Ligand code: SAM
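Next up: a single chain in structure tokens, the form predicted on its own.
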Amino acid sequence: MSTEKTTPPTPASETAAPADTLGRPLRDLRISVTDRCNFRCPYCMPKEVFGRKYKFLPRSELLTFEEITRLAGIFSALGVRKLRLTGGEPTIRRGLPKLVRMLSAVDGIEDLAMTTNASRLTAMAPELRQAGLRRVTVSLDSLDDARFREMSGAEFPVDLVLEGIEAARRAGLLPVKINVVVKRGVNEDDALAIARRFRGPDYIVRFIEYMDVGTTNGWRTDDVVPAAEIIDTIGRELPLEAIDPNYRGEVARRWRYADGKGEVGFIASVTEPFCGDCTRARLSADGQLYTCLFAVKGHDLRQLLRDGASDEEIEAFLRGLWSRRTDRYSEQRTEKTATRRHKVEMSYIGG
């Protein structure tokens, strides 16, 4: 397989990159490769909604690997430097290593990562790394098997997820990031145990405030455990020091252990919104582009692709779309908008 870079339609440069109405550049693209998942996490795909009779997208409506790669090249020309594969559960998409190989050859892309539940990572990690994947983020909300099954909505042992994390580490998909969604009265007591388990240079744990993504997860403000509370809980045993972000738009607030043994992050979209530095766009599995995690509607790129639009025409469409972007939902969130606004589901655009 050739490793030659795929040249984007126009040169990518800082001056050519569009900025939105708040001066935010476009730097990150999250690509959902499937809307299906083998877990039913209540905060993402509650089984009461996504049950046996739920109709997922037919394969004909999914973007092909060639369409995804073509769009990645166009986004690169607009300044995107990071791609993250998501779902649903991305490892369910047949032939995923082939897509990774194709995307890793796109000129201008500096980081190619994936978010996964790790249920298939033990078998796939080496091949994905060889294909060009650089890092993985694994969703893991508890180390207790019974609680993990409750929060994943699946009869899947937590030990197999831990095996997948270890497989990713051995394959060199480093650092392995561990995402922990914390919900009041469910798993806040797990935070310290998870921090202890994954302390060291090969891992970064990120604790995420329970968010009102979509309209089916029954979100309430009473269920939110503020990041400051988790920092305090961990810091009492493992002292922490705040450190600067790695780059503009990094969503996690970074802290390092005072003894130098690694770092931990906190994503506080509810109590400390970070809209002002958001550089992300999200592409759904069927080609809808969303400019915010809490968006109400998307913009159909699949139709442009399949109607024969040129790369230049698609680039112009995206440039205009991003330059008009005004999204800052987390800064404007109220109890009313959180519970009544019909927002796109997280499982559809990959968080």
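Every value quoted in this text rests on a predicted model; they were computed, and no experiment measured them. Just count from 1 along the sequence shown to find any residue number.
This next part talks about the form predicted in complex with this ligand, which is not shown.
Give a yes or no on whether each residue among Thr122, Pro175 and Phe198 has a heavy atom within 4.5 Å of this ligand in the predicted bound form. Answer is no for this spot.
Want to guess which of 93-101, 190-198, 176-184, 71-79 is within 4.5 Å of this ligand in the predicted bound form, heavy atoms only? Residues of 176-184 come within 4.5 Å of the partner.
Since only the chain is shown here, I'm wondering whether Glu263 would be in contact with this ligand in the predicted bound form (any heavy atom pair within 4.5 Å). Glu263: no, not in contact with this ligand in the predicted bound form.
Using a 4.5 angstroms cut-off on non-hydrogen atoms, would Tyr203 count as touching this ligand in the predicted bound form? Flag for Tyr203 set to no.
Counting only non-hydrogen atoms and a 4.5 angstroms cut-off, does Leu63 reach this ligand in the predicted bound form? Because no heavy atom of Leu63 falls inside 4.5 Å of this ligand in the predicted bound form, the answer is no.
Gly164: heavy atom within 4.5 Å of this ligand in the predicted bound form? Contact check for Gly164: no, nothing within 4.5 Å of this ligand in the predicted bound form.
Within 4.5 Å, heavy atoms only, which of Ile208, Ile234, Leu83, Leu128 is in contact with this ligand in the predicted bound form? Only one listed residue qualifies here, and that residue is Ile208.
Let me know which residues along 96-112 have a heavy atom within 4.5 Å of this ligand in the predicted bound form, or say none if there are none. Stretch hits: zero.
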